[in-house]
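Shown here is one chain on its own, the form predicted alone, set out as structure tokens.
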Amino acid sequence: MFKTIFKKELLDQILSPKFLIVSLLCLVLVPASLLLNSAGYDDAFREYDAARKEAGNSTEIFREPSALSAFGIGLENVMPKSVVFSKYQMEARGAQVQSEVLSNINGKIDFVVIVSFLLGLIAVLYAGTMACEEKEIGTLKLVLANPVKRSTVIGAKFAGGFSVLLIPFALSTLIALLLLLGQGFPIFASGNAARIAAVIVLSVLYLAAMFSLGLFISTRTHKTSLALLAGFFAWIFLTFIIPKTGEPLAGLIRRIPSEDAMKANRAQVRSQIEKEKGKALAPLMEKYLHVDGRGKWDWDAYTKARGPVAQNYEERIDQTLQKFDAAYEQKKSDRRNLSLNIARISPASAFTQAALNFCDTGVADLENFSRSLQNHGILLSRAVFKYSFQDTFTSDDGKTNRSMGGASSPEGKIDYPKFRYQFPAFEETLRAAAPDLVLLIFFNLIFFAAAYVSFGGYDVR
């Protein structure tokens, strides 16, 4: 009996106008978005490659764009294109707003957005009328008049209806991948194939969860119009309200200073130690750098003599600022993780977060890039910045300041450390996406179980 009902659902859905509309949308939007975004990646990579070669050996580093941003742009435009390092600080360039992670995740049209928003809505509405529509026309009563279990009927409806939904999705994705392959997109390079496969699997799990939710709504309503309205509101709540409120709620729960306030506090901490260093170096300045024109100006002697005196202060500045930055980054990370966990209440957010991590444009890549910057900053400090200095001297009345800058590096060529950004390995991404994967499976079980139980007591009269 399961096979008979499955065939009936399959045939009914394929012959309906809904199937034609969904097929046309998928066949147009999925290939078009992937081709357009892959062209955007090509432009971004050429820009990155040219800028990196032009800069050569310097304290400026460049972040390589992710090839899989063609599938999910995510935070690609949030992370900086380049970062310029200087002693005690670094400046990000070419980035947009970096503080609002979730707001930027739900951004431009791409494969992930199409699945999350458009196909998620279609899945809910598709399944949302399967039971109540048949009740209205009387066929559900006829089906249940036969010696068939209700569990068999609901199982066959899910299998038949979801299979029909997967047909246009699978076909459009296959066509898009073939077109990308023809355009020379690196599908099989650097583990991209495994990541694309993971995104597709996540998409199927997400659509199955939304389809089960729609089926549950259908078994709780008795009119098609009411089922469609309920499905639409459920979709809005899960894809807009919950994801968009994650950050504001996290901001209320975990309050942290703004970036501008942090920079001001950081500058104040550094300035205080710089003043102490200036007082310690003042006798050397008076001895070797006569500002009144009397005596001999001996810069080399000052540079040599200042080293032992300034070293402790500069190490103290470096260590203090590192602790200051680490504490602030930890606060930001805690608030970001809280906002992501709040948003994970929605299957749409769980899918989006996991999919973008596999596209190397998610939060996992953002955190990995931050760690890479910190490590490169340490290498630059050891190779370059430890030889540069900026000494600030303040008069006794505290009104006159005089800065003396220079370098004490040994003769010879500076050996700049190389920076080549490494995207997280597939295993690391899988670990980061594991909670979202488990949640998607959980949502599937909960929504289908709810539909199963509800249909068991569904009044078909």
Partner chain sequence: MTTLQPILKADDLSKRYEDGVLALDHLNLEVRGGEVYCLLGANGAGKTTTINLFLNFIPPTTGTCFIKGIDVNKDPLEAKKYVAFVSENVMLYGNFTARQNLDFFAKLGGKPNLTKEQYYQVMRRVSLQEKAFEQRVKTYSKGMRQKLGISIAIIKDAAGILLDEPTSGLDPKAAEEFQETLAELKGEGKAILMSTHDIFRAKEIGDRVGIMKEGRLVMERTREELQYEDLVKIYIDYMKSEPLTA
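Numbering follows the first chain given and starts at 1. This one's a predicted model, so the numbers in the text were calculated from it and none came from an experiment.
Not on display, but discussed next: the form predicted in complex with the partner chain.
Among heavy atoms of Thr139, some come within 4.5 Å of the partner chain in the predicted complex. Contact between Gly182 and the partner chain in the predicted complex is not found at the 4.5 Å heavy atom cutoff. The closest heavy atom approach of Glu314 to the partner chain in the predicted complex falls outside 4.5 Å. Taking non-hydrogen atoms only, Pro147 approaches the partner chain to within 4.5 angstroms in the predicted complex. Look at 166-174, 236-244, 274-282, 131-139: in the predicted complex, residues with non-hydrogen atoms within 4.5 angstroms of the partner chain sit in 131-139.
Note on contacts: among Ile342, Val143, Ile200, Leu118, the single residue with a heavy atom within 4.5 Å of the partner chain in the predicted complex is Val143. Out of the listed residues Ala449, Ile441, Ile21, Leu15, Leu15 is the one that sits within 4.5 Å of the partner chain in the predicted complex by at least one heavy atom. Residues of 30-51 that come within 4.5 Å of the partner chain in the predicted complex, judged by any heavy atom, do not exist; none qualify.
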